[in-house]
Each structure stands twice: as structure tokens, then as C-alpha cells.
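Next up is one chain by itself, shown in C-alpha cells, the form predicted alone.
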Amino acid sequence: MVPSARQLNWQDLEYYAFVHFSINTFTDKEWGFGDESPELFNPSELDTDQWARVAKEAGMKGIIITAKHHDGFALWPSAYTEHSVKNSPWRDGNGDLLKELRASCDAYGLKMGVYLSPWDRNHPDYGTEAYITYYRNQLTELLTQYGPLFEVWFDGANGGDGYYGGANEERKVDKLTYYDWPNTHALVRKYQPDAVMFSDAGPDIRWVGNEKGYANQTTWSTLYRDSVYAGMPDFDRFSAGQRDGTHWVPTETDVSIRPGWFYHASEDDKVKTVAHLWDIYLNSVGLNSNLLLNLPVDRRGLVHETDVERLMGLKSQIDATFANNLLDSDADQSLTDNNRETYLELSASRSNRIEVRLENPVEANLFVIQEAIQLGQHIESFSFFIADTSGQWQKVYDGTTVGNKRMITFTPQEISAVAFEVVNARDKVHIAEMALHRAPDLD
């Protein structure tokens, strides 16, 4: 099982922004009930150029916007509902946040994605077949009016209590069958063939299984896709993937820079530290996943200053760490050229161990290894070794999967050689990249 071209392009992005911004920003809630007045939506300084500039300077490759959250409020002037920005005082009712974000993403060279919540606590038809038509109509607006999208995001929060046009009741749906996902997915394929679709079950990329920012130590990109569905109650048991899965569905790790997904002034002093964000980066991008980091835009319509400060601190750490590959002059060039298409194949005719001896010892504390995933994911377990300045080898780490990228941290020390050894593999192993770095210490 190998990834599609759209999945490979997505995997290369590695790190991009989520933006949660809507009615909840102005009601101080995480989940709106659906009865909120559109008149509450009135950011005083909304500037999507600031969002895009911050994301770009932070090293992110794109922005996914919550076009509609569970409360049903649409950030664009949808033709299918009155519960949208067209009935808010913002821009005198003539605003279209998605149009503004599209222009900003284009101006700063960022990709754009959309999140359209399948649940709608405002709409009177939720729970009936008529709502599915409504949902697809709104999805079609997003797919056809705002240029190329790199990701379309569906989540598993479906059904429960809500306003539902004044009914004020609980409505439950069969999460497996209600949305008729194959026909909804077909719309995305029709209008945005290069976009990946996210949900618990894919079809293109899947949830990592938590919202803390940490992928599994064992993370297979393959999955028995037909055995999972969005919102299933025991999804955790599938979050690590499955070695012999029938479909390529890699993980995306979603986490907010604050405790909540939407902005709350009470959390201004609870923004994650640079050290915490760096740990998340190592355990998401560094564990065969992509990192989707949420930025809760504030009531002004801006990314908060504290959030910006922490993002730039993370960017400085990333830049300082990965500026130089300490193996560049000593390793096989195919392993240090940042090109997935060049690789070393390990098979029965070649040792399962790659050693790189350094002409001059270096101080390091981070090792990176990548499989050529266009040929599949094959490593089941491995060991990593370092040699000190006397040439004495020591095992630093035993691990399981590698996939697109595996990062291993260890105590800073002088190193004269490194070795990566495949212990078990399901097929021939193709190593695309190896790197050694010295990450700066963080308090």
C-alpha cells in the first residue's frame, strides 16, 4: 500500500495552522448552542493578512478555517441559511471572511483549507434527510467559490442537544450511515481533486486519536479504512493504524496553542510555552504525522500577541535545529539531499544497518530518519546507536515505526559515528533521508 500524489503533497507540508473563529469567540463558549444571534459577530479589527503573515513567518504552510462550527454560523454569505455573516454588523453585512482569507493566503504563498462541521445545532432539519442536502449545498459553495483547497476537514462530533430552529431538543443520528459519506466525499473529488479529506476514518488522512498534540510511538500510515467511521466511540484502538491495513490513511495531529479551541481572555496566560510546542513538534512531525496547530483568533479578529510570540519562539527553535545536517559531508549523498526519490534500499543482499562515521566528532542531540514512503511503509522495529569520541558504541533507542519521518532525541554529547539498524521489516526498506542535529536547549 502506497500514498497517492495528493497524500504525498500533503505529507510534505508537515506543519500548518487551524483557525477557530466564529460566534463562540464573542460568547466565550467552545460549543455554541445554535441560538446565537448573528448580530454578535462583529470583530473590530479583523485582518486576515495578519493571520497569514503570522502563519508564514512561523513556518506554517497553510491555514484551515472553521467555515462553520457546530453552532451552524457560516463565515461566508451562504445562500442556504440566514445564520451567517450576511446578517451580522461586520462589514455592514457585506463581509465574506473566506474570500478575505483566500486573498491573504494567496498574498503570502499559503495553502487554504476549510472545516465544515457535519453537525449543525442551528438548522431545523438536522437529523433528517433534508439536512444532508443542505450540508452538501453549503459544502459545494466552499468547494466552488474560494479557489484551490488543500484540505477539507470533517470531524466526528455529530448529534446531541441543540437549538434546531427553536426545537431545543436532543437529536441523535447514526454516525455510520446518516451522512452517506461516500456521496459527500464525491463532491470533494469532483470539485477539488487535489484536496485531501480528513476525518476519523479518512478517506485520505485520519485523526491521531487525541487533541493533546502527540502522535503514537507506533504510527502506521495504513488502516483498515472500512472498519472505522467518523465519531465511532472506540476509535482510540485504531489510532496507531494497522500494519496490514488496506488503505493508506496517515495521521494528522491537531492541537490548540491554548487550552481551548476558541479565544477566551481567561486563557491569555495559558498559552503553551515554546518548550511545550517544541515537544509537540517532535512528537507529531517527528512521529510520522503532520501538525495542525490551532490559533484561536481573538475578538478583535487578530492572532493574539502572546500566541504570536510563542509561534516565533518555536520557529526560532526549528530554524536553529535544522539549519545544518551534521552528517552532510560524511553520509551517502542520497541520504542527505532532501530528495525522497533518492534512497538506499536495505534487503537480504545488503546489511540492515547503516553506519555513518564522522571525520570530526560533533555535539548532537537529535537524529532524524525517513523512509521513501512513495514505496510504502515497511519498518516494524529499529535500533539507533551512537559512538563516542573513543569509538565506543552505545544503543540510544529502540523504536517501532518510521514512515515519513522519525525524530529521536537524546542527551547532548560528542559523537564520532551513528548507526541505524532495522530489526524487523515487512518488506524491503527504503531509507530516503538521515540527519543529525544539535537542538538548542530550552528552559
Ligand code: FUL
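Sequential numbering from 1, following the sequence displayed. Values in this document were obtained by computation on a predicted structure and should not be read as measured data.
Keep in mind the form predicted together with this ligand is missing from the figure; the text below concerns it.
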message: When the contact criterion is heavy atoms within 4.5 Å, does Tyr134 count as touching this ligand in the model of the complex?
response: no
query: With the partner left out of view, is Ala275 within 4.5 angstroms of this ligand in the model of the complex by any non-hydrogen atom?
result: no
- prompt: Should His20 be counted as a contact of this ligand in the model of the complex, where contact means heavy atoms within 4.5 Å?
  reply: yes
query: Does this ligand get within 4.5 angstroms of any non-hydrogen atom of Asp155 in the model of the complex?
result: yes
query: Ok, Asp161, Glu211, Glu345, Asp328: which has a heavy atom sitting within 4.5 Å of this ligand in the model of the complex?
result: Glu211
- line: Students should find that, of Asp120, Asp204, Asp307, Asp254, the residue having a non-hydrogen atom no more than 4.5 angstroms from this ligand in the model of the complex is Asp254
Contact segment among 371 to 379, 64 to 72, 51 to 59, 396 to 404, judged by heavy atoms lying within 4.5 Å of this ligand in the model of the complex: 64 to 72
- request: Output the sequence-ordered list of residues from 108 to 139 with at least one heavy atom within 4.5 Å of this ligand in the model of the complex.
  value: Tyr115
